[in-house]
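Just one chain follows, in the form predicted alone, and it is written as structure tokens.
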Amino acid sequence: MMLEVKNLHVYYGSIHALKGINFHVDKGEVVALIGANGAGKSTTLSTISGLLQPAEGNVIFQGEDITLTPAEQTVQKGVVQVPEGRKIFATLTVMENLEMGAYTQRDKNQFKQDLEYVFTLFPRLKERQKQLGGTFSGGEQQMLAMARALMSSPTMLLLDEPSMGLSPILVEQIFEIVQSINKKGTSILLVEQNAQMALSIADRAYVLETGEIKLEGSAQEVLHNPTVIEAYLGGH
């Protein structure tokens, strides 16, 4: 098992954001976490990546308890989050953003390999290495945020709403790239409001509602579940 989340409780002040959730991601899987706004999806990712500390529960990565591991050490262990809203360094160039992503990388050969890999995935970034990130469109910024995360050679990628605010064509492009990242061996935990798209590429899925997991199963089972269809797929 690549990642295991056990009985996770997280509070924001008096608000009980996560109420004892349990789930796992196996090696090589894409697992989707779907749910409405405010369900606790981003909180889950931030807790796994060490940006938030739970009141109770554990995060186990490759057999090691990383519950209280600081975020930068979590990255070194191979768990990397692509945050919601992209959060690239707008005043830095594409190349500088990518170098920031590789700050844990001490091996120059590995850096070159990772750079080659992200330029293969995102040719547009290769063409615009000297352009400032802030001058990019939303879709290009999303590509840059994903490329920056890949520069630290993650074994597990946490993707938070990668399709948010993008046109349908770009959404398809981003999801194709997610699939090719997964095919190369990276396990992915995908948080996404576009449930249809997320379930179309995931192996398994969990439905989160107000801090609790209400449903789990194969992506196809969840996709065809009447409750999910009603709540997240527009009733079709």
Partner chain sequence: MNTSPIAQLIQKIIKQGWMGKSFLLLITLLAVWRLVVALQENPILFLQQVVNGLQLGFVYALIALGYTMVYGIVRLINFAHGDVFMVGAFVSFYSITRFQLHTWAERLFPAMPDGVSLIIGALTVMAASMVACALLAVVIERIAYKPLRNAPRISALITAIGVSFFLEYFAALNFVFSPNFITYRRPIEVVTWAIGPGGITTLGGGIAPPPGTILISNIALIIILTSIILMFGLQFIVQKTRIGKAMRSVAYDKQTARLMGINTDAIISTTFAIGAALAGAAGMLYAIAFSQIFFWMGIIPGLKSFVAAVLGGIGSIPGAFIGALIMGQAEVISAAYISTPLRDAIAFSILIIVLLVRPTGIFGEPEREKA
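Everything numeric in this text was worked out from a predicted model, so none of it was measured. Numbering follows the first chain given and starts at 1.
Beyond what is shown, the protein has a form predicted in complex with its partner chain; the following relates to that form.
Contact annotation: of the candidates 60, 55, 51, 36, the single residue with a non-hydrogen atom within 4.5 angstroms of its partner chain in the model of the complex is 51. Just one of 115, 121, 157, 75 comes within 4.5 Å of its partner chain in the model of the complex, counting any heavy atom, and that one is 75.
Not displayed here, its partner chain is approached by residue 104 to within 4.5 Å at the level of heavy atoms in the model of the complex. Although the partner is absent here, residue 88 sits close enough that one of its heavy atoms falls within 4.5 Å of its partner chain in the model of the complex. By the criterion of a heavy atom within 4.5 Å, residue 70 is counted among the residues contacting its partner chain in the model of the complex. Among residues of the shown chain, residue 100 is one whose heavy atoms approach its partner chain to within 4.5 Å in the model of the complex. Note that among 169-177, 199-207, 42-50, 26-34, the stretch whose heavy atoms approach its partner chain to within 4.5 Å in the model of the complex is 42-50.
Applying a 4.5 Å heavy atom cutoff to its partner chain in the model of the complex picks out no residue from 16-35.
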